[in-house]
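Take a look at this one chain, the form predicted on its own, written out in structure tokens.
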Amino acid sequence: QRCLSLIKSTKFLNAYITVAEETALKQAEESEKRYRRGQPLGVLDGIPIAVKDNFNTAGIETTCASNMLKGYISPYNATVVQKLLDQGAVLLGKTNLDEFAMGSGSTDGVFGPVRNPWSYSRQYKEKYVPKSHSEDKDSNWVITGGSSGGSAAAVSSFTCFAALGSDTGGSTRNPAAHCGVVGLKPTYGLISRHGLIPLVNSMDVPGILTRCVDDAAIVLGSLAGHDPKDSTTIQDNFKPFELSNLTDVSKLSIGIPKEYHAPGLSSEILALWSKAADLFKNAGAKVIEVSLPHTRYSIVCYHVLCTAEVASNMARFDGLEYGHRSDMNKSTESMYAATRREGFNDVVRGRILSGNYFMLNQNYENYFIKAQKVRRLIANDFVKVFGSGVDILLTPTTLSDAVPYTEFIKEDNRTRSAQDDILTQAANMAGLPAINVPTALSERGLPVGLQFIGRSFQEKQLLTVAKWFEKQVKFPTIQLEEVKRHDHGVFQHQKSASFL
């Protein structure tokens, strides 16, 4: 109930599209009953969680923040949603995103942009200097990053303890970095994609957003493992693990990929990155500069493969079986065309057009096939580096801290996504696990995160290192001024980030 009242008092953040108040209260009551009767409890029993609105939820609307699916209610739960409910979690609602998860700002959905809770924090307000007197108090809010911005904002503003996002090119790690939360993109195939509305089948992974690394490990334990409904999941059983407190990092080898010193990387983040490397070095770890030579072709390659798969995936939204259907009834063709024109925004339509262009008979070899070959080279770069004895790669997650919304929308979505995914999408192309750990506040009082990339299926090692790092940097808790006024009680209870 606390979380639900907080959702109401933070409505201005626009983090949720749908709040499932009644079902959430029912689930909470049932959890309470289990607890009272002394029945065995799931690991997430009674824990309030939120889910990005591109995961199917039975009985709760799933919109992908698009007119195409407004009012669509799925007949089944996504596997990950079902697994959370099986563990007793309480589903509070569905969170906002860029339309069909295409974007890096959570600004392009039909329900409007998500606001970053840190825009309303004491930390940001103390540092903020208005550019002019005429500037409206309300126009200086910053974006959450995307496309899982609603989930990141929800976790960051204490309205839930954990949230699901999806990550195709950085959509979980990018908003996690901007909102000062932990964002985990697991190895491709470790978690089922069944019921996640696909963007790029060969790169999509459900992502986990929490306030600390331990919580991410717990949620991962509930979600991972084979799913007969998703043939790309691993066959082996997954054993959930608890993270040990790493005391000795001297056996670790940390790689610093020099190509991640990308154009546009802010000097602040660069300094933080080398400080983090020194932190490992001083603790006795071996820190070496490594090279991933194909990184510079990565974003172009990603763009080709991403749009090609998008074009193929979006073909299912034709107005016949579900979702929006245009009233145009001259012919089936005109109905298709009108439906898609009305249902998709410019960003989605643009990506469909690009993708279809790359897939044209005369372009297929030069674009799609070539990009597939480059993707293999990018994956091989990682294989070589990990083969040389490096355990974990340490990189920045984003080029800068979060920008004000008014700045962000000056560039179009495609340009923005290309810039913002530059440090994160290679992990998707190689299918590797990666995590954003909130590291420090920028000079503007906004969160900055660093990314750790691990070996395939070595989530335990990745999370153990991330936990050690998290403990060293002691990232500050957000001090939400606006909300405190609305709801004083909650913050007394949420001094600790973890729900353990």
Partner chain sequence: MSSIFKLYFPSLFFFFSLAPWVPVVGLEIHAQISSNSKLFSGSQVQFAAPPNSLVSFFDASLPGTLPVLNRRCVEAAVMTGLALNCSINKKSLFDRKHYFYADLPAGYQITQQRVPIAVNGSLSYSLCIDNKMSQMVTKTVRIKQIQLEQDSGKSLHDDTRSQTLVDLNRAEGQLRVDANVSVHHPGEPYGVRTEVKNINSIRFLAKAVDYEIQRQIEELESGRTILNETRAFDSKLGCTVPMRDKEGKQDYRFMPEPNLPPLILYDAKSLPANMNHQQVVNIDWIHERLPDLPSVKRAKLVERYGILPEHSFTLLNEDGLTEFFEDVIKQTQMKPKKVIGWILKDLLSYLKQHSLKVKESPVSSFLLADLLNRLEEKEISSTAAKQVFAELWKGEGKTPLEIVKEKKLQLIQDQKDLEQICQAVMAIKAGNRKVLNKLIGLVQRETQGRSNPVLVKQLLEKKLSE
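Note that this is a predicted model, so its numbers are computed, not measured. Positions refer to the first chain, counted from 1.
Quick note: we don't show the form predicted in complex with the partner chain, though the next part is all about it.
Residue contact check for residue 296: none of its heavy atoms lie within 4.5 Å of the partner chain in the predicted bound form.
In the predicted bound form, the partner chain lies within 4.5 Å of some heavy atom of residue 315. Among residues of the shown chain, residue 193 is one whose heavy atoms approach the partner chain to within 4.5 Å in the predicted bound form. Put simply, residue 188 is close to the partner chain in the predicted bound form: some heavy atom of it is within 4.5 Å.
Residues of just one listed stretch (194 to 202, 417 to 425, 146 to 154, 82 to 90) have heavy atoms within 4.5 Å of the partner chain in the predicted bound form: 194 to 202. Exactly one listed residue, out of 377, 359, 234, 265, brings a non-hydrogen atom to within 4.5 Å of the partner chain in the predicted bound form: 359. This chain is displayed alone, yet in the predicted bound form one of 289, 412, 346, 333 has a heavy atom within 4.5 Å of the partner chain; that residue is 333. Shown here without the partner chain, the chain has no residue in 384 to 410 lying with a heavy atom within 4.5 Å of that partner in the predicted bound form.
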